[in-house]
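Quick setup: one chain, the form predicted alone, written in structure tokens, and binding and motion questions come after.
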């Protein structure tokens, strides 16, 4: 059976927040019986965009990650619910019943992603319902996907085998895979948020003039083994990306024509710009 999934490309998200505003526009003050009680005007972010800045000037980048209810196939919130307050539909959508869930504040802590919100006024837990009331009217996209100007957010309906194949082919990841909740929200280029980089700029002095070093061979080593090897660009810059944060001691070996080789040792905790390295 085909089921609904969300695919988000972190590289395309610009933090415009239109998906967040679309969710608020749809649910604030609006009740959809069987799907959702009205969303409060303040305090809830059913679609919340995380932000991470990597590196130091001038070698720096920023990643934005829209997050929401993951509509997990093995959702911890369902196990914590009583009275059948949360159901998993055959099409993959997880719904919190706005009547049966009343008073069940424990469901807020049951979500490992922090995406069940407590409505104090109504005494009910709430989460983004994948716009199920619109899906059931024949919509093939959520309002967030429709509002996204860059196409970073897409809704797809595929059977599980097709979705697994797509995830492999496009290198899609999920948030917190280690908890095995089997979420249906997938991310492309999530490494821009979860990993770090190590970079710098190579220069030489010739006749009193400082110049960039293009085409220098730069090797990244850990425990004596080569992790990666690149050439510096026309600005003398090099950058090793997709490294594990807090992964410890690395060595950088630099070889440039007409210059003695140079080795730089560094402890990597988070993304690091080594700045200018004079050869």
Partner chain sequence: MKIATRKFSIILFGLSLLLKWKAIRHPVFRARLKERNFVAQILARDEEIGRWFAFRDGKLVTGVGYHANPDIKLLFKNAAIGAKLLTPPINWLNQINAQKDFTLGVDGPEDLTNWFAQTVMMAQTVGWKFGTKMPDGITRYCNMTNGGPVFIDVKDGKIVRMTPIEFDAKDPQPWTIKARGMSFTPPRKTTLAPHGQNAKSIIYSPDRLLHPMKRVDFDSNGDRNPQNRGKSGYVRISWDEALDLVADEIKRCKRDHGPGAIATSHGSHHTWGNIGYYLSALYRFANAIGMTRVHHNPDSWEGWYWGAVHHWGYTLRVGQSETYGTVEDCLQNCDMIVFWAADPESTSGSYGAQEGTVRRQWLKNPKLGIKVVHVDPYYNASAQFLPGKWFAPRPTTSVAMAMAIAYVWIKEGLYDKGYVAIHTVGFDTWKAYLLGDEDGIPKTPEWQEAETGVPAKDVRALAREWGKKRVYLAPGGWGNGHGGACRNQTGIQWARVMVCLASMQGLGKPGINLGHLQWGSPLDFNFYFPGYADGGMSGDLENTSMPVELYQRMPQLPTMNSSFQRIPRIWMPEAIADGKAEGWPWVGKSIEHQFAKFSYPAPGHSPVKMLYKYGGSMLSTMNNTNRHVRMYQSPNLEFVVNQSIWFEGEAKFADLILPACTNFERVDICEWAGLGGYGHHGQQQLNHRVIVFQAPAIAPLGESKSDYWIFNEICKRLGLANYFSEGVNEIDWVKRHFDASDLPQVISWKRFMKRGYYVVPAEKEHLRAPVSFRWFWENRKKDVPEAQPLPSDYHGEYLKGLQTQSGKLEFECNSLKRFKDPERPPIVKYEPSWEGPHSGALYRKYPLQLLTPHSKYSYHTQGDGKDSFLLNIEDHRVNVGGWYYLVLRLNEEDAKERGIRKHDLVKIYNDRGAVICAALPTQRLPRGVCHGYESSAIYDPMGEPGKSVDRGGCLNLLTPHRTQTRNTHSLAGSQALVQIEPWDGKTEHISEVFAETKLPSELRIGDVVPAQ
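Residue numbers count along the first chain shown, from 1. Owing to the predicted nature of the structure, the values given are computational and were not obtained by experimental measurement.
Keep in mind that the form predicted together with its partner chain is missing from the display, and what follows is about it.
Quiz item: Tell me which of 216 to 224, 244 to 252, 229 to 237, 66 to 74 has residues with heavy atoms within 4.5 angstroms of its partner chain in the predicted bound form?
Solution: Comparing against its partner chain in the predicted bound form, the contact stretch is 229 to 237.
Quiz item: Tell me, which of 195, 106, 155, 147 has a heavy atom within 4.5 angstroms of its partner chain in the predicted bound form?
Solution: Exactly one listed residue reaches within 4.5 Å, namely 147.
Quiz item: Can you pick the one in 182, 133, 102, 88 that has a heavy atom within 4.5 Å of its partner chain in the predicted bound form?
Solution: Contact residue from the list: 133.
Exercise. Answer for residue 34 alone: is it within 4.5 Å of its partner chain in the predicted bound form, judged on heavy atom distances?
Key: No, residue 34 sits far enough from its partner chain in the predicted bound form that none of its heavy atoms falls within 4.5 Å.
Quiz item: With the cut-off set at 4.5 Å between non-hydrogen atoms, does residue 118 touch its partner chain in the predicted bound form?
Solution: Residue 118: no contact with its partner chain in the predicted bound form.
Practice problem: Flag residue 266 as yes or no: does it have a non-hydrogen atom within 4.5 angstroms of any non-hydrogen atom of its partner chain in the predicted bound form? | Solution: Because no heavy atom of residue 266 falls inside 4.5 Å of its partner chain in the predicted bound form, the answer is no.
Quiz prompt | residue 188: touches its partner chain in the predicted bound form, heavy atom cutoff 4.5 angstroms | solution = Residue 188: no contact with its partner chain in the predicted bound form.
Exercise. Flag this candidate site as yes only if 13, 26 and 30 all have a heavy atom within 4.5 Å of its partner chain in the predicted bound form; otherwise mark no.
Key: Yes, all three are in contact.
Exercise. Using the arrangement in the predicted bound form, list in sequence order the residues of 187 to 222 with any heavy atom within 4.5 angstroms of its partner chain.
Key: Sequence-ordered list: 192, 201, 203, 209, 210, 211, 212.
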